[in-house]
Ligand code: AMP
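Quick setup: one chain, the form predicted alone, written in structure tokens, and binding and motion questions come after.
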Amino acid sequence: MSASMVENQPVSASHSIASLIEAGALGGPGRVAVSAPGRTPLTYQQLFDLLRRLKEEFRAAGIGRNDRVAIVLPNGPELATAFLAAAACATAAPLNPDYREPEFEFYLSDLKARALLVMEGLDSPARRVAEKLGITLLEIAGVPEQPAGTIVIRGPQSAGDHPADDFAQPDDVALLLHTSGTTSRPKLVPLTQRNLCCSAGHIAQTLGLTPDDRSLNMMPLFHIHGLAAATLASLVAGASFICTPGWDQGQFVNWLETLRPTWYSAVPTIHQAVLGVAKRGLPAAHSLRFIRSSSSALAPQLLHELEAAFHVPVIEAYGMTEAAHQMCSNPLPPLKRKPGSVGLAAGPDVAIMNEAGDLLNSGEIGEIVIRGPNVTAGYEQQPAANEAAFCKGWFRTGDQGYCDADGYVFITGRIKELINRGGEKIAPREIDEVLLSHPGVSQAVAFAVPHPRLGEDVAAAVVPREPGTLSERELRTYAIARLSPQKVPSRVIVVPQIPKGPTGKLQRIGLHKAFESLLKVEFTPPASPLEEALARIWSEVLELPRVGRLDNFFMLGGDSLLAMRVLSRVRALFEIELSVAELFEAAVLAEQAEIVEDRLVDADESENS
């Protein structure tokens, strides 16, 4: 029996991004579409006019329908409108601006990008890679005196044969995103205009969005969560979305007061940080009517604490890139919400399937499968992956779970080896390969470890070619230079051997149990006044009673948001600057103390010279 299938659910009548925005301009030309802190809002009519102008600029550069345009821009209104324009006129492929040069080379090559959009004057390794690969470089220039998101495209002119009035059509590919796979090669997911607009319609209906709603987006716009939920779902409803640079604990309350959002959607890591801000005081009256969580499991306790702080319902949803985001969602009151469940089917049909491809009854555990108009038709140039991913018309999510008698879906585990680090899906094989490229490494396996804030974190076990030749810090430094920060293991343990399965393959699942004693660090008190000062900062930020000199910041529950708070406190106390990269590299308190001490010595020598 299928799990509470949703049939004939109405979605947006617009099946292309251009027609969706045009409908907004016709229905309410003066309504706000895009806003940003400190900027004049952009109306629906202005957004559609901008779209038509940018289409002409793309065509002048030789970019037409289904041409692939990679986008490397910081979060904000310029990225939002650049994405909408690229998706409406060609095919958009937004990339994480934190990628290192080898990552950009892989992703841009795999995308077969025709052009790269970057911010004018902003340095990025993507520029060098585009030049190396012969990809056309197009620069985005913002127009600060104009409404939020107003941009122009500057680049070489090309005599193309693309009609100037030709927007992308419903079955054209609108968006390309890579999703991490269990093999070393990330899979490329093509999502059509129809896929995205249907998913946006599902989200808007689930949340009861109206033109009066304002979404506060703090999610990166190179992930499907921010693109589909905060951005496109708002446009489907004729509502507006607020573009921020990302989560900022110092600005969150100000955004609530001045921008008056009615909802926001984020990962649990951000919700945890929001709760920390809320405990220090919220505006007397805020405008939120609900909070949405997705991309990673939301702890029931965090859900209850958010609801108590804001006095609004917290809705947990379940999504993935291949579904253009939303698959399930808990409904808004007065319908029942079940903490610990990802809710009812909310767009595609959802069912539970066994290994033989049979649909299971309520209460039976199997693989969660989906089908519907928002689901990708398949990975690009991955026939083996597609054969494994689709069964009898259903897409296998790789997640294990069951459906209760009311149709609510519960996730019990994961069949795939992906590591879900606070909503960031990470392929462990990619980390394996980087560590194995170190000349002193014989074997390497990355694996998931439980994390109190992120759900899961990344650790790795390494066997050296010669005993006693490698240190954890050396290996993490090596990884930091080759991987974006979210992929760098918080711990790298050096071991004489790694457990193997019956076939001789290195084990990955369950390694955190096998190495539990090595991952655990016995408390060792700080050994100097400097270490004691840092320990106090860590314990206050992490809300822990004590921190030892050998403790690892990330294994104690730290994440990138809390790292920023530590660095701010270090700056205030010692009057020195440390970077996030240095905290990632020196994650152990004693190592961080060494960096601070060296920086203080340098400062003294500079003053005395």
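Keep in mind that this is a model prediction, so the values were computed, not measured. In case it trips you up, residue 1 is the first one in the sequence shown, and so on.
The form predicted in complex with the named molecule is left out here; the points below concern that form.
K.L.:
Pick the stretch from 311-319, 128-136, 275-283, 445-453 whose residues have a heavy atom within 4.5 Å of the named molecule in the predicted bound form.
P.N.:
Selected stretch: 311-319.
K.L.:
Answer for Ala389 alone: is it within 4.5 Å of the named molecule in the predicted bound form, judged on heavy atom distances?
P.N.:
Result no; Ala389 lies far from the named molecule in the predicted bound form.
K.L.:
When the contact criterion is heavy atoms within 4.5 Å, does Ser295 count as touching the named molecule in the predicted bound form?
P.N.:
Ser295 belongs to the contact set for the named molecule.
K.L.:
Check whether Arg508 has any heavy atom within 4.5 Å of a heavy atom of the named molecule in the predicted bound form, and answer yes or no.
P.N.:
Result no; Arg508 lies far from the named molecule in the predicted bound form.
K.L.:
Check whether Thr397 has any heavy atom within 4.5 Å of a heavy atom of the named molecule in the predicted bound form, and answer yes or no.
P.N.:
Thr397 belongs to the contact set for the named molecule.
K.L.:
Are Arg52, Arg59 and Arg114 jointly within 4.5 Å of the named molecule in the predicted bound form, each by at least one heavy atom?
P.N.:
Judged in the predicted bound form, none of Arg52, Arg59 and Arg114 sits within 4.5 Å of the named molecule.
K.L.:
Ok, Ala459, Ile151, Ile270, Val342: which has a heavy atom sitting within 4.5 Å of the named molecule in the predicted bound form?
P.N.:
Exactly one listed residue reaches within 4.5 Å, namely Val342.
K.L.:
Out of Thr206, Asn420, Asn217, Ser234, which one falls within 4.5 Å of the named molecule in the predicted bound form, going by heavy atoms?
P.N.:
Of the candidates Thr206, Asn420, Asn217, Ser234, Asn420 is the one lying within 4.5 Å of the named molecule in the predicted bound form.
K.L.:
Can you name the residues of 204-243 that have a heavy atom within 4.5 Å of the named molecule in the predicted bound form?
P.N.:
Counting only heavy atoms within 4.5 Å of the named molecule in the predicted bound form, the contacting residues of 204-243 are His223, Ile224.
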